[in-house]
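Here we start with a single chain on its own, the form predicted alone, put down as structure tokens.
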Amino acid sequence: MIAWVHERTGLDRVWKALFERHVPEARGPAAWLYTLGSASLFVFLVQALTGALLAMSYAPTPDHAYDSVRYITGQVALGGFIRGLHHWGASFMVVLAVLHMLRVYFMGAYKYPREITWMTGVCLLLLVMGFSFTGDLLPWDQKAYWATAVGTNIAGQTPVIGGVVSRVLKGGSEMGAATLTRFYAFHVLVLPALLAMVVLVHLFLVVWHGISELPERRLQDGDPQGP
């Protein structure tokens, strides 16, 4: 059965390209740095799964949003655990994405021929930050409301397009029901679709170009030879 599926879908070749590709040899702490990209993808999948489970009981309206969050936390089976995974996973995903970008930068993995891979990675980081920003409002408590008010006001200070950006985020001139609905739509529809597309492009480029080798110091004339 497995051979039949592989012959007609090519899943075995996809598996080998993604999970059995060559990883540069590294020893010590440097070896763990190559796991940051895969760890970020794993946390994203966890976020997608827990987010889908939370959405089944969440009500994106000002009258019911806060009560639905309390219902999820206190009455839904494993609701508090799932919400905790989603909440802390969001912070963990930002940390992993930043560390992954720092690894790529300091190891020079953004250089030829991987410039577009780097650009898609920057887009992914921005999308991850967008997830954090839009998700903060969904509990619809005092902390979420005023934190979002500050964020939208900051966005409104952008030169030229600030007013338009602020109105798009708020759904009008003031925060209200339209703001919550819009943030929920961004969080569960727009951003996941964009992230999935960019992730596919990013993974394709990683497989196409391979993983960059560890940088090596090139000896110049007059430098002492190493052992």
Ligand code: HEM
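Since the model is a prediction, treat every value here as computed from it, not as a measurement. Numbers follow the displayed sequence, beginning with 1.
Keep in mind that the form predicted in complex with the named molecule is missing from the display, and what follows is about it.
With the named molecule omitted here, the record of contacts in the predicted bound form names 90 to 98 of 134 to 142, 90 to 98, 147 to 155, 77 to 85, defined by a heavy atom within 4.5 Å. Contact with the named molecule in the predicted bound form, defined as a heavy atom within 4.5 Å, holds for exactly one of Ser40, Ser68, Gln47, Thr179, namely Ser40. Only one of Leu36, Leu53, Ala185, Val168 comes within 4.5 Å of the named molecule in the predicted bound form through a heavy atom, and that residue is Leu36. Although the partner is absent here, Val122 lies within 4.5 Å of the named molecule in the predicted bound form, judged by heavy atoms. Mapping the unseen interface onto this chain, Val206 counts among the residues with a heavy atom inside 4.5 Å of the named molecule in the predicted bound form.
Among residues of the shown chain, Ile211 is one whose heavy atoms approach the named molecule to within 4.5 Å in the predicted bound form. Shown alone here, Ile72 lies farther than 4.5 Å from the named molecule in the predicted bound form, counting heavy atoms only. Contact annotation for 102 to 136: residues with any non-hydrogen atom within 4.5 angstroms of the named molecule in the predicted bound form are Arg103, Val104, Ala109, Tyr110, Arg114, Thr117, Trp118, Gly121, Val122, Leu124, Leu125, Val128, listed in sequence order.
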